[in-house]
Each structure stands twice: as C-alpha cells, then as structure tokens.
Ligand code: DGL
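Encoded as structure tokens, the following chain is the form predicted on its own, with no partner shown.
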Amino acid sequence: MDQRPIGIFDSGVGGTSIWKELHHMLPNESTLFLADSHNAPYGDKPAEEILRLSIKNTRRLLDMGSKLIVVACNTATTNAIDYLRAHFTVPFIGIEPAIKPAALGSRSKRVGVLATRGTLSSHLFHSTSKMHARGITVLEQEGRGLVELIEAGKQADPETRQLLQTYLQPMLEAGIDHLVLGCTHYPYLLPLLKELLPEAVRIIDCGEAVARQTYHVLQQNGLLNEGAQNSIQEFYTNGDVAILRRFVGDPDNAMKVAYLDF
C-alpha cells in the first residue's frame, strides 16, 4: 500500500479532465495537480521550451512526494515524455491523440484530429498516425486560440462557438466520421461540439484510457493505495485560482485549490 500521491501536470486547467477520470477510477489515490496556466498554451512554444517547462513541473511534483506522474498535456507528452522517462526514476503516463480507436472504427476512412500545433508537428504524433492510420485519411486541424478561451473560462461563449465551427467545417466537408480531441482542454468543449457535429460523428478523447493505464502501471509497480482512508486531492495553479476551482468542480471549497509560484 503506497499512500504517496499521483502527480499530474498540464499547461493549464485542461488536465482536470484527465484528473476526473483518474479520480473516478482510482478514488483511494491522493493526487497533486499542477496547472501551469502562466505559461499556457504550450502548443505554440518551441520544443526546447516545452521540454524545459515539463522538467520544471516534474521536479516540483517530485519535490512534493509524487510516486507516479501523469503528463496530462498532449503537447508535453509528444515533445518531452521520452526525456522525462530517461532522466527520472518514477513511472510516467503520457497523453496521445487517440488515433488508433478512431482509425479502427471509421467507416468513411476519414478521421479528424483537433490539436495544438505542438502536438501536430511532433515526431510522436506522426509516427503514431503512420502506425495506426494506414489506409485512413487523417485531417489535422490546429485549434488556434481555443486553449486561451478555455483558460479564460469562455468555453461556452459565442466567440468560442464561432472559432470551433470554423475549424470543424472543412473536416465535415471532407466526410469525417470520427473527431479525435488532441488536447486535454478540448473535452470542455463537448457541449458545443455535440451541437455543431452531426450525431454520426463520434468524438474520441483519451481520458478513460489514461486512467486505465495509470491503474495498470500502479499495480505492476506495487504502488496502488488500497487502504480505506480518505484520499487527499490538491490543486495548484500559477494563474487564476477561481477558474481552476470552477474546472475542478468544487463550489463548496471542499478541496485544496491554491496559488503556487512554480
């Protein structure tokens, strides 16, 4: 029984979509969440800067006692996780656009991917696409501006709707039947996406798969906390605490959500 927390970091509040899946599947596990909102978005930064920020976040989570780290950011995963695994001793769980299930399920043989520039331009994304999407047309769309709107709590605003519609239209005209969400911020756009997309288009994100993989890695490494005591959930941001609390879903201030300079 290992009572140390699971560490999670993202370029901002989007990774709370992954935390929710983790907490649902692993309610006994304590968690530490870092929202690097001051540096969001990662997607338009050079690869060297993404690596630097990922190392910084990893070191902070390790200093706080994390036993495993979830890189709850597609851009950080695709640009930094190989380095993190090679230079730190704890297990790492990464986030990748779910190309494989979309390709396997597609009847039209056309799949859309909405992601950041940092993810779409990475070697890992292209190698994953090449491996799993043979015979499939993958239509890539950079979601410029979406992370910033979500970070500002504007995921339901008319401006966000218009921008999202602009990005979806070419993919719909091309006949996609699956849309892969390649950024952990984007599940917070699901209400809008369901309005804008035909029912025949299946939306895929990786949250549940990440939670399952985290469980398996904890189990394989003897790190599961199987005790009955209450778990502790802590969230830290170097941005707006009120926005992070809103995304965590803690209106009664029952969880620790605080500012941290990191």
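Note that residue numbering begins at 1 and tracks the sequence as displayed. The model shown is predicted, which means the values in this text are computed figures rather than measured ones.
Only in words, not in the display: the form predicted in complex with the named molecule, which the text now covers.
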* Asked: Does at least one non-hydrogen atom of C183 fall within 4.5 angstroms of the named molecule in the predicted bound form?
  -> yes
* Asked: According to a 4.5 angstroms non-hydrogen atom cut-off, is Y42 in contact with the named molecule in the predicted bound form?
  -> yes
* **4.5 angstroms heavy atom contact with the named molecule in the predicted bound form for A80** => no
* Asked: Looking at the partner-bound form in the predicted bound form, is V147 within 4.5 Å of the named molecule by any heavy atom?
  -> yes
* Asked: Pick from 157-165, 84-92, 188-196, 69-77: which stretch has non-hydrogen atoms within 4.5 Å of the named molecule in the predicted bound form?
  -> 69-77
* In sequence order, which positions of 9-35 have a non-hydrogen atom within 4.5 Å of the named molecule in the predicted bound form? -> D10, S11
